[in-house]
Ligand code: DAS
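Single chain ahead, by itself, as structure tokens, in the form predicted alone.
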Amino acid sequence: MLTKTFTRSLAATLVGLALAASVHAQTKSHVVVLATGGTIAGAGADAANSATYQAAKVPVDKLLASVPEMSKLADLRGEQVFQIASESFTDEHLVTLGRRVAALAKQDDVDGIVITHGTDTLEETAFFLNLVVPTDKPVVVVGSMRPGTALSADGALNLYNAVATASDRASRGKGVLVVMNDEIFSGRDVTKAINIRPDAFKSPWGSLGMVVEGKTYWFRAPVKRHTVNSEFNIEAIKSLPPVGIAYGSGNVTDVAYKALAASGAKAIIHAGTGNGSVSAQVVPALRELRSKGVQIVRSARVTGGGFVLRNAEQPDDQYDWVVAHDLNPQKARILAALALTRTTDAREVQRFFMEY
């Protein structure tokens, strides 16, 4: 009798464990990893090479295989979208990537998306996706500062943390995220501030949270418009109008601004000193370019916080110029290009910069 009771109990336990395993398998998030190249897919000549290496060498299947622990976090599959160093990213690459992310986000069998990316323009891609992909599903952009062949390589843990973030329902609705060095940043305001250390990415307003041992911890959320609340949609965008950046400095001339306009730029981002200041030698040229239809956006080359004040330093209302608010020049370029897909009215462009 005891034996029969024990047998029934054991059978019930095994059935319960099988059901639990089945439920766990069914509830595990499905995450797609889109690989685009960069240092996270790079390789150096030996382990001592952390800053000298070749980017975009390791394919996505090997990236995923190099961190088997990720299989405990989510069901993963990878796609090789590009295999390039991110300094070579073009607007065409952005549009192609944006369309693929948006298509995946619509699929019921996709719960989150991770994009591996070179760090040089990672912040620009993250901001672009933050503006044009209408989904509340987690989209996480990740890179590394050291190739996987280097001592103390950071790519494996960064990728693990990115998958952990993308597979967590708590990550939904927070816009496109960037995960680097255990921190979770908003794709809107994060920037690469250092070029040779794993703590390279910073936000003037701080990180949104952290990832510790595969678990996310959140402390704040973005308030600017993004993703599902954005007026921009990648499905309506076939290409981006050309926008150039000219750098302000002592002894600056108007040569670069005029050259950008002559090459077809529809807007010029002025990376100004201080509060987006414009040299007296440059003001006449910018006013003339604006009269010919070129949008002029005053940004600032300074980092670490703050924003460009409208009608301070320059009479923006009088000149019909735009200020980039707290966006750095490279992110201002992204938003200006998207704005010009919808309007040529400087007042409307200014609204975009204040709301996004």
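What you see is a predicted model, and the numbers here were worked out from it, not measured in a lab. Position 1 is the first residue in the sequence shown; the rest follow in order.
We do not show the form predicted together with the ligand, though everything after this point is about it.
Asks: Tell me, which of S186, T125, S86, S171 has a heavy atom within 4.5 angstroms of the ligand in the predicted bound form?
Replies: That would be S86.
Asks: Sort through N158, T216, T227, T119 and report the residue having a heavy atom within 4.5 Å of the ligand in the predicted bound form.
Replies: Filtering the options by heavy-atom distance leaves T119.
Asks: Would S144 show up as a contact with the ligand in the predicted bound form if we use heavy atoms at 4.5 Å?
Replies: S144: contacts the ligand in the predicted bound form.
Asks: Could you confirm whether F307 comes within 4.5 Å of the ligand in the predicted bound form, counting heavy atoms only?
Replies: No, no contact at 4.5 Å.
Asks: Hey, in the predicted bound form, is R100 touching the ligand, heavy atoms inside 4.5 Å?
Replies: R100 lies outside the contact set for the ligand.
Asks: Considering non-hydrogen atoms and a 4.5 Å limit, does the ligand approach H93 in the predicted bound form?
Replies: It does not: once the ligand is placed as it appears in the predicted bound form, H93 has no heavy atom within 4.5 Å of it.
Asks: So which stretch, 36-44, 312-320, 299-307, 284-292, is the one near the ligand in the predicted bound form (non-hydrogen atoms, 4.5 Å)?
Replies: Of the options, only 36-44 has residues within 4.5 Å of the partner.
Asks: Considering only 185-200, what residues come within 4.5 Å of the ligand in the predicted bound form, judged by heavy atoms?
Replies: Sequence-ordered list has one entry, K192.
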